[in-house]
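So this first bit is one chain, no partners, the form predicted on its own, shown in structure tokens.
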Amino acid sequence: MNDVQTAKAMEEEMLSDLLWLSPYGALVLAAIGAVVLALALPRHRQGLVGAYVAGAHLSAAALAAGVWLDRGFRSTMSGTVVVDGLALAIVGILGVSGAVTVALARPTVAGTDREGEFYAVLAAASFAAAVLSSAGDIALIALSLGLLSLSSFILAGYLRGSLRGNEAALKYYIYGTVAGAAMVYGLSFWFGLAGSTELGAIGRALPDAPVGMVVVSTVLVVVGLGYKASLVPFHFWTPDVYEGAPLPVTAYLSVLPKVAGLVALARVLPQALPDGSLGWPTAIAIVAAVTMTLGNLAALWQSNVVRLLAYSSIAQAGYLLMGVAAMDGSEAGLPALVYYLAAYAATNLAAFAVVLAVQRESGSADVAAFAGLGRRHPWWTAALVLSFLSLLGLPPLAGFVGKLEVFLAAIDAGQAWLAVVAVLNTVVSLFYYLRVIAPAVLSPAAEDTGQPRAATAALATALAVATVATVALGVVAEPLLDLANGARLMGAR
């Protein structure tokens, strides 16, 4: 009788957990349903698969908001998945960003022989990113990172006839496999030291473990997550993969895996090494400073806007990492990171949407292709200017508020030197952003350009949504910052 009651209690607990796991379930259904629809629908109707996947992404974001408002936070599946404020906020960001990415991808993949499968793999990658952001168990961290990496490899090499795409997928695979293996090796040390895969238990065991072994294993873990976030020195794959992959995939890789990697760092480090053990906040602050500096300096000489944005995304990862570095010394660190992630996602997707539109029209993504864009496409140019100025950090755009928040968090955490480095880097970045903005706005239109090519409805929608979000997140920042303050880690002090 006791066994029956125990089994019944476990069943009721699992059913109850489903309510908190519903945002993740929406992404699972997106991936599975996309495969079924891709098999059932004829090729000329595969766009319906994309619509279904985009809708499922938005449903995941809506369910995350519903769980936050109606159910609150909970550790589910015996602590394996932590549905707290941080997890739900990130699912919301991933859901909206994934839907925008589907719209960006539609003009590129429409009519190809595996269009439906593309959307299915994208949904699987979004699910993996969401799980990685909320994993409370190192085994789940390893599994979700593996699924995210595998999905990303496939997306990068989607256009099989493209030599650059094949090269990008191969490079991404090699770097990803090595980094992932390093991370799993580090996690295995943590398991051996703690005798458990649960992050809380690891956090209780590591402070008493041999220092050398803890340092080495932690570095290996950071390698795997830092590669996803394009942190220096794990960034080498970024410019080549961004340039070689289909541009919508590049837009995806610049946002969703980066968000997941940074949030995983924000969840893992404070729990595995509580109270700033071994000085990890200072080490992460140094990595942030080096990452933003190298990214900005390397972007100065880029003539291709995709590669320029690749190095810009590396620099942005450095700014974002400031929020992680400040978490141990300031309560403002995590909310600043969450807000900046939302601002960065909207801004970077808007920038890549303009680049995609220009590339479709001119066949090039070089800086010269943007000359005279303001005369041909004033709305595209407005979106380009707003997105680049937001990446730079000018008010009242989202990027300004995001940078301001992480700068203040760094100062509050006693890392004022890092804030100074970030301000100097922001000044440096002004040069390469203006290298694209100036010819787009000031140069006359090239001769014999023919009739300007309008963006497709899907691309225009994605561009409009991302641009409006870039402005709105800055103008209406106060309530969003209040919301970000609720994005706390369960069990964190």
Partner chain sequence: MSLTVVIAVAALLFGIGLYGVLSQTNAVMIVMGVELMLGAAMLNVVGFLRYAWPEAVSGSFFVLVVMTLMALEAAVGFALITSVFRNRRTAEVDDLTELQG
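Please read these numbers as outputs of a predicted model, since none were measured by experiment. Numbering follows the first chain given and starts at 1.
The same protein also exists as the form predicted together with its partner chain; that form is not shown, yet it is the one meant from here on.
Contact annotation: residue 363 falls outside 4.5 Å of its partner chain in the predicted complex, judged by heavy atom distances.
Contact check for residue 286: every heavy atom lies farther than 4.5 Å from its partner chain in the predicted complex.
Remark: residue 394 does not count among the residues lining its partner chain in the predicted complex, judged by a heavy atom distance of 4.5 Å or less. Although the partner is absent here, residue 382 sits far enough away that none of its heavy atoms falls within 4.5 Å of its partner chain in the predicted complex. The stretch among 394 to 402, 249 to 257, 190 to 198, 368 to 376 whose residues place heavy atoms within 4.5 Å of its partner chain in the predicted complex is 190 to 198. In summary, among the residues 215, 110, 181, 420, the only one with a non-hydrogen atom within 4.5 Å of its partner chain in the predicted complex is 181. In terms of contact with its partner chain in the predicted complex, the residue from 328, 117, 84, 243 that brings a heavy atom within 4.5 Å is 243. Along 135 to 152, a non-hydrogen atom within 4.5 Å of its partner chain in the predicted complex is carried by 138, 139, 142, 143, 146, 150, in order along the sequence.
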